[in-house]
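So this first bit is one chain, no partners, the form predicted on its own, shown in structure tokens.
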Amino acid sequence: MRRPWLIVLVVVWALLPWVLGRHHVDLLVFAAIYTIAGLGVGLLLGHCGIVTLAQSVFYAMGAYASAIITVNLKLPASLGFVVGMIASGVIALALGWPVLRLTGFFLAVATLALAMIANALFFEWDWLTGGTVGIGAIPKLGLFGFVLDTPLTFYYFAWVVAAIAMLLVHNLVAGRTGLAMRGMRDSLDAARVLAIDVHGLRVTIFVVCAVLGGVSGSLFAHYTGYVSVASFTIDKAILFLLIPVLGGAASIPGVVVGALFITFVPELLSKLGDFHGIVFGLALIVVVIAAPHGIVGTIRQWRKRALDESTATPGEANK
């Protein structure tokens, strides 16, 4: 077995909800949901060099689609997932085509503006979204006749969906599309010389990011059973950006680490009372300074440097 640690990891994952309390299982479910959304942001940031603050928009669209389909229209939850994914993808295509012609800070500000506009629309369209009252009584998910009505069952389902999303993202990044993305990130001019449709590729990855956001939003809606405009504020947009930044934007395991970080660290610090927000902010600063390439990215760099030093000849090591 080339990777025995993978078996250990799977065993630990399977046993965790049996040894942890209900609250910690809830946090792990949210970590899985945030991982799916963070994968899309990581694709754009780590492989395309695009900063997006619009993921909360598609997260909300997936959540509202599932809520409206199942509660208002009394249709199956699976249809809510499909509608959320399609709606997120279509809106991302419509918005991304003009917006993604921008670059750098201008693009980041534009996506932030999209998140602000969407949040305002979710509030004003209370006839559809419920506004601050929200939509409640969202049914639990059913799978092959088995209802996911406990944190334990939803834990396994959410992480399996996250694993599928990670596999799909890995295949995308490892193929020719991933090579084109990194070429575009490192040098736009060189990418154009190589006949890469830069704008089309940016829009395509933006749509993929949005679809992942829609899936995570649908999972959120069915797990909590309630959605409102308060769940999709600008804070959520920043949180989704923090996930790949903290864990490692170009690393799929880094996204998982980032999701666990933003889920568990605030919870642990909440025991400090009113000062937990300040301490969490300081923790973010420390992580960014100590691990500029993300936690996983920086660890990989350390390992690579140590390996290079161990394999270098004495003369090379002294240089």
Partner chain sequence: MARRWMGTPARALAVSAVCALFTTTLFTHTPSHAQQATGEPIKIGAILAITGPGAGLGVPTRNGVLLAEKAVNAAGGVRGRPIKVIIEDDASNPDNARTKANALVHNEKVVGLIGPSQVAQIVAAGAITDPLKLPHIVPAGLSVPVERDRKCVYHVLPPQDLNARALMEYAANAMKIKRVGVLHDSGYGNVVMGALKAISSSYPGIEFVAIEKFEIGATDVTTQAAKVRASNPEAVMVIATSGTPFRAVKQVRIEVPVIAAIGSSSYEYVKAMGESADNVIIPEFLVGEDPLPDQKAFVEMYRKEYNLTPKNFEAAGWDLVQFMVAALKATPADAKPAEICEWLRRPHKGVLADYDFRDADLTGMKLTSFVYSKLIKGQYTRLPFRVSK
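These numbers were taken from a predicted model, which means no experiment stands behind them. Positions refer to the first chain, counted from 1.
Below, we turn to the form predicted together with its partner chain, even though it does not appear here.
- Among A137, L73, V160, V147, the residue placing a heavy atom within 4.5 Å of its partner chain in the predicted bound form is A137.
- Put simply, F206 is far from its partner chain in the predicted bound form: not one heavy atom of it is within 4.5 Å.
- Among heavy atoms of R303, none comes within 4.5 Å of its partner chain in the predicted bound form.
- In the predicted bound form, its partner chain sits beyond 4.5 Å of every heavy atom of Y156.
- Using a 4.5 angstroms limit between non-hydrogen atoms, A87 is distant from its partner chain in the predicted bound form.
- Applying a 4.5 Å heavy atom cutoff to its partner chain in the predicted bound form picks out Y223, T224, Y226, S228, A230, S231, K236 from 221-256, in order along the sequence.
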